[in-house]
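Below you'll find only one chain, the form predicted alone, shown as structure tokens.
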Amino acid sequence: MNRHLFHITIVLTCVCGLTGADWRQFRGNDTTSVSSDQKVPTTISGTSVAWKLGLPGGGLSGPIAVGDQVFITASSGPDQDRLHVISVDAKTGKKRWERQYWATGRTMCHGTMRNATPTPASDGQRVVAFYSSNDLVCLDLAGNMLWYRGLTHDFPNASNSLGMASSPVIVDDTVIVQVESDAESFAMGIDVKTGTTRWKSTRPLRSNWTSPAVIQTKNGKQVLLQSSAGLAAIDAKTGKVAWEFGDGASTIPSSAVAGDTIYIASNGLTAIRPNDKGDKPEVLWNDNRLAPSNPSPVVVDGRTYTLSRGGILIAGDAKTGEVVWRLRLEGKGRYWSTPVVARGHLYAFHDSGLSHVIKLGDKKGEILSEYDFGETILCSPAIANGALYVRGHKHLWKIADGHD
């Protein structure tokens, strides 16, 4: 084969492969909540439900998708001390395998939460499941346990009465967990292959439910750890702090990243840009009109999107922080689920189970469809291989056009 043609073939193969990309952790592979998938449905209705699977116990953890499998966690039993990791065939919706373990840490949670609240993560070869009880288990894609860490044994006071919610992230070959409470707080980097600790750092003593985000810099990937004190950027493999933003931040919605800019739920919404020197990052703008409620902000195509406590979707200019448009969404109650975006559409889920698909315009947003899933939805969905995977308290759904 002609060498030039060979290179073109390789490029086209790689580009085509992007359309069926995995969704490997909370808010997607790059923790942005944005997918490049061009086949995901732009409306949700009863006819777009490809399958529906009943789940044991309960959970607020979101689904992840790796290849032809969808992974979800759950916790069951009167004390939520039975931990489940479940693999589902993405095409058929049938369970491939399920593994169960006993929790080694505290399982007490608020009534709206579950022990299975953190979303699992994958590096494409393994699945790492984390729980409010600070149990951390790693399995291969066939369900074989590779290692198990009961972190409460090492940090017995790292818990709170409401439950822990921070989802792990995997950067290269390191798993990062963020565990913060009023009594004991830490972050830890763990070798994904062996389960051994690479580094451990002390974190602010205050209960915190945010999850790490990842930013690509000229110096490599950095993990962003948000807390009530602000934001810290760390090297994933060493735990070394690269820089800090110390103006405080929310303890529920997590930071969002778009390119070289970070958007923090701090005094409303604050945009910052780090520099290569490791100095304090530059504050680009701040606007309290863009303040997110419980869901994390999403930033895409030059716009920030936040959900207010009143159920209003607010679009802002990502460069200036100016409010561009507002759109009131239906539903009684609150929004907890972080929205996801694909094909210029935003998918939002009310805690009652009511979903909205919103077409994102430059000057306005338009609700294209509303569908009631009929049960509580508090977690963020996943997008992979032309499908939307939605998890409620009792079921997991696949939404796809033509039921591919």
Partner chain sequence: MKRMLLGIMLLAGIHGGRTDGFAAETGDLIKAIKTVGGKGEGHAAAIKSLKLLQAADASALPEIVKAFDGAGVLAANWLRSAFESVADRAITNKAPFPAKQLEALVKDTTQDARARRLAYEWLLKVDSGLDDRLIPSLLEDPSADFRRDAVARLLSEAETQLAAKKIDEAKATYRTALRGAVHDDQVKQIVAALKKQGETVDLQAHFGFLGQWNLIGPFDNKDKKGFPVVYPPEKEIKPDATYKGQLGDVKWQPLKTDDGYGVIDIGKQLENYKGSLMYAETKVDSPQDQHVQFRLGTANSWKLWVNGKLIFAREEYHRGMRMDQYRLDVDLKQGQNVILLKILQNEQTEDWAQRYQFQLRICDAAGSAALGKN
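Numbering follows the first chain given and starts at 1. Here the structure is a predicted model, which means the values were calculated and not measured.
This protein has a second form, the form predicted in complex with the partner chain, left out of what is shown; the following refers to that one.
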- Query: Do L146 and the partner chain share at least one heavy atom pair within 4.5 Å in the predicted bound form?
  - Reply: yes
- Examine R106 and determine whether its closest non-hydrogen atom to the partner chain in the predicted bound form is within 4.5 angstroms. yes
- Task: Answer for E98 alone: is it within 4.5 Å of the partner chain in the predicted bound form, judged on heavy atom distances?
- Result: yes
- May I ask you to check whether S207 falls inside a 4.5 Å heavy atom distance of the partner chain in the predicted bound form? yes
- Query: Would you say all of D154, N160 and T196 touch the partner chain in the predicted bound form, counting a heavy atom within 4.5 Å as a touch?
  - Reply: yes
- Contact assignment for the partner chain in the predicted bound form, among R82, R289, K280, R126, heavy atom within 4.5 Å: R82
- Task: Only one of G311, G150, G248, G268 comes within 4.5 Å of the partner chain in the predicted bound form by heavy atoms, so just point that one out.
- Result: G150
- Segment that reaches the partner chain in the predicted bound form - one of 218-226, 232-240, 281-289, 71-79, heavy atoms within 4.5 Å: 71-79
